[in-house]
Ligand SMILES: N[C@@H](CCC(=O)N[C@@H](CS)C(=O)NCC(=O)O)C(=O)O
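Coming up is one lone chain in structure tokens, specifically the form predicted alone.
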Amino acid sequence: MGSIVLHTYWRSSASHRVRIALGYKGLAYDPVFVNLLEGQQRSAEYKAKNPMGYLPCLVLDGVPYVESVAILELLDERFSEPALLPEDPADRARVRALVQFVNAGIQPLQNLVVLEQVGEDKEKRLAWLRHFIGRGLGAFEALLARYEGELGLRGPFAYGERFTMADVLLVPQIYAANRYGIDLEPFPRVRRANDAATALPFVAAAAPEAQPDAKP
């Protein structure tokens, strides 16, 4: 196995995902901390790695890879066990749907670059975040309920009895939901899956507050 470097920030949801996946697969990495609040992601040096100026960036054997879901897919193809996706194509599609509910339907709307366009008013930002995160988690919960009814899946994880890429996406999103004071009571399946995942040692090790660059 070659060298792995992860450009990360403790509160970056997308970085959090990749940290979880690396831990799940038992892959050691060297972190490079990029402070989003100080604008380090906008530096010419970082944007040479990711022209969008987003985190994370994974450098594998000297080659940079960007976009967290693409990185998760890469890790699953390069380091196949333990797998993040089921073997059956239909099951893989269902897990990927849960992934995209978070990746496309929730997380982009809470990015700092979006909040800067919402405005400086903290209450306006908070209302925006609560609306879109709550809306997305409601859809995630509904899809879990459909899978439960159609397929008999009962957890404890997002897609049945084993940890998958859906859990990798869900955990950082629930961290953000808790940070912004979103009521999770209406989402029992979401809470069950998050509780099961966060009890795993590699997930706990990837938590924002466990990172060396975490701020009080």
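From 1 onward, residues are counted along the sequence shown. Computed from a prediction, not measured in an experiment: that's the story for all the values here.
Below, we refer to the form predicted together with the named molecule, which is not included among the displayed structures.
Using a 4.5 angstroms limit between non-hydrogen atoms, residue 55 touches the named molecule in the predicted complex. At the 4.5 Å threshold, heavy atoms of residue 164 stay clear of the named molecule in the predicted complex, well away from it.
Of the heavy atoms in residue 173, none are within 4.5 Å of the named molecule in the predicted complex. Heavy atoms of residue 36 reach within 4.5 Å of the named molecule in the predicted complex, making it an interface residue. Site annotation in the predicted complex: the residue of 127, 93, 142, 112 reaching within 4.5 Å of the named molecule with a heavy atom is 112. In summary, the region of this chain contacting the named molecule in the predicted complex, judged by heavy atoms within 4.5 Å and restricted to 179-187, 147-155, 25-33, 62-70, corresponds to 62-70. Applying a 4.5 Å heavy atom cutoff to the named molecule in the predicted complex picks out 36, 41, 42 from 33-52, in order along the sequence.
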